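Listed next as structure tokens is one chain, alone, in the form predicted alone.
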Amino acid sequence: MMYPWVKINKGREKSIERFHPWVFSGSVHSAERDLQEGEIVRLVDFEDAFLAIGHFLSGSLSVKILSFKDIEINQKWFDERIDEAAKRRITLNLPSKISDTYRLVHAEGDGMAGVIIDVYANVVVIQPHSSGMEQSLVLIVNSLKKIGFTKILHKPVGKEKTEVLLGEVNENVMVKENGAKYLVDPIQGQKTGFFIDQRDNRHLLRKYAEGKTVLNVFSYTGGFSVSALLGGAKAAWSLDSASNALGICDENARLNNVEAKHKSIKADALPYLQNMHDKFDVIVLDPPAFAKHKRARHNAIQAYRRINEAAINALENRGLLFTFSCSQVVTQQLFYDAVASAAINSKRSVSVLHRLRQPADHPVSLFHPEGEYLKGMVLRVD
């Protein structure tokens, strides 16, 4: 099939030749014709030599590359990519008897720029991040059906309603993660319903929690709280501003028989931390992305500094802080510097015990370091 060509400015083809999957508008010289959002295009260099195939976008990011080979993007391509992604998860022991929720496709990390696919027990959630992948839903569903999935949702980014594409799906789905039970709402919940990317970090908290008091800030539905209590925490408090999330959080505590040691608090995080009198042995800070664009990065860094300073001040001596950033535009170093600034302001001795990241079912292409969006640390505070 002949796709319309997009010509790259002379010298700007180097990143494509290094297999980076994004092409920005400043690199584009011309196009064969007016292009539609989501249309498949054929990238060529200034001498008309083939470079790659991808989906066209009309913003500052002009093309998300799907293949560096001159091939057709058809049902066979989707079948092969999704089947290969599923096989990679099997090597990670996903799903397993103790964990049946995981990311099946992680966009560029699995060679499918513009879409993520999450699995919640027997329910699959597709979340496109480009018009091209939105327009490819039928092909994606066909591929998922071929590997055995019978309940499939489409959850658009933003305020559009989630739609059921295949089978019947209830609002709350029961999943397992490292033996813990959680209710997930893939229809109304944040992201695709649950923060799967914190699986390994929740398990690490469980190892530190015995006999400790834990405050889980931005708790959502209580993943870290339940993990801490299953690890033997003396008490765990879940702090969030959303009543519906806290309702599921309380239910998750009951499902795991730890409700007697659990408490939910509806409040805004920063003022609560700054004004509370209680001290905790462990605090978890897992805020939403404070910056989704570079223009918001400075304000985000200041927000990370303020919330981490408040958390450090709320810890007992020899306390632990699990702190995270999921803002892609805030690099590991910028996040580290923001937290270091918070520690300096607190005038307490702080050391790094662990550097944390997303789990292996959220792979990062070596050629696309931007895919490593989750960064975190475990800090000891004296």
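Numbering starts at 1 and runs along the sequence shown. Just so it is clear, the model here is predicted, and its values are computed rather than measured.
Unshown form predicted together with a small molecule; subsequent notes refer to it.
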- Answer key: of 219, 192, 136, 101, within 4.5 Å of the small molecule in the predicted complex (heavy atoms) is 219
- Query: Out of 120, 280, 224, 304, which one falls within 4.5 Å of the small molecule in the predicted complex, going by heavy atoms?
  - Reply: 224
- Item | Whether 202, 241 and 288 all lie within 4.5 angstroms of the small molecule in the predicted complex by heavy atom | yes
- What stretch, of 291-299, 145-153, 260-268, 207-215, brings heavy atoms to within 4.5 Å of the small molecule in the predicted complex? 260-268
